Ligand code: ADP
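The chain below stands alone and is given in structure tokens; this is the form predicted alone.
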Amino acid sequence: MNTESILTFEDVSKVYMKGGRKIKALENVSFSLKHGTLNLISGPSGAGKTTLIYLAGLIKEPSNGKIMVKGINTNNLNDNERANLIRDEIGFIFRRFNLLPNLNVLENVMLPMIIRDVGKAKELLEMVGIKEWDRFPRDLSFEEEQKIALARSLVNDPSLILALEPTGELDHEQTTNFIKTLHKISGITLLMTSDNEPLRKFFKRTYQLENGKLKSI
């Protein structure tokens, strides 16, 4: 069994300046995600969940502390190295699905592909339950859009999937179906945020984030 740590935070803090005041979005956050695990961070709006995902995805840099992706200290990367690590190792799913309206389902999924592979894109769509590849975003339900966003996040075989409130636009049944789909995907390491506490039962490990501080539940 692969027990490699895919993502590690070591005493990570993030401070913003607002109106001349320091705002602590995250304070001394530490955790480690193992390969092939589904992990949930819950907490109220404003707790720091978005900041944490942006840091994990290397979109933002910490004010203090260390972030490791597959053993690589990301604090030491230049811009090109950081961009390559994001491209090669990290997939993203957001609450708003960010599908391009002028591209059909298949084209949206293939958009971030490093190596163009139509067959692989179709296989991923079938895996998440989407069989009509020539439709456009305007013809899709919220649930279908999120499944397509999930397929798109997997096209480059990332080590880590980061999902920021991905079920926020879904009802209870659609949310349950989406989580069940995640469980069917072999070997993914997922870090997902949600303020929907009943989702905890679906995850290997859960955390609570409040006022920038993280604790394991």
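Small disclaimer: the values here were computed from a predicted structure and weren't measured. One-based numbering along the sequence shown.
One more form of this protein exists, namely the form predicted in complex with ligand ADP; it is left out here, but the text below deals with it.
Among heavy atoms of T176, none comes within 4.5 Å of ligand ADP in the predicted bound form. Taking the partner from the other structure, ligand ADP in the predicted bound form has a heavy atom within 4.5 Å of a heavy atom of P44. By the criterion of a heavy atom within 4.5 Å, K60 is counted among the residues contacting ligand ADP in the predicted bound form. Although the partner is absent here, A25 lies within 4.5 Å of ligand ADP in the predicted bound form, judged by heavy atoms.
Out of the listed residues T167, N39, S153, T51, T51 is the one that sits within 4.5 Å of ligand ADP in the predicted bound form by at least one heavy atom.
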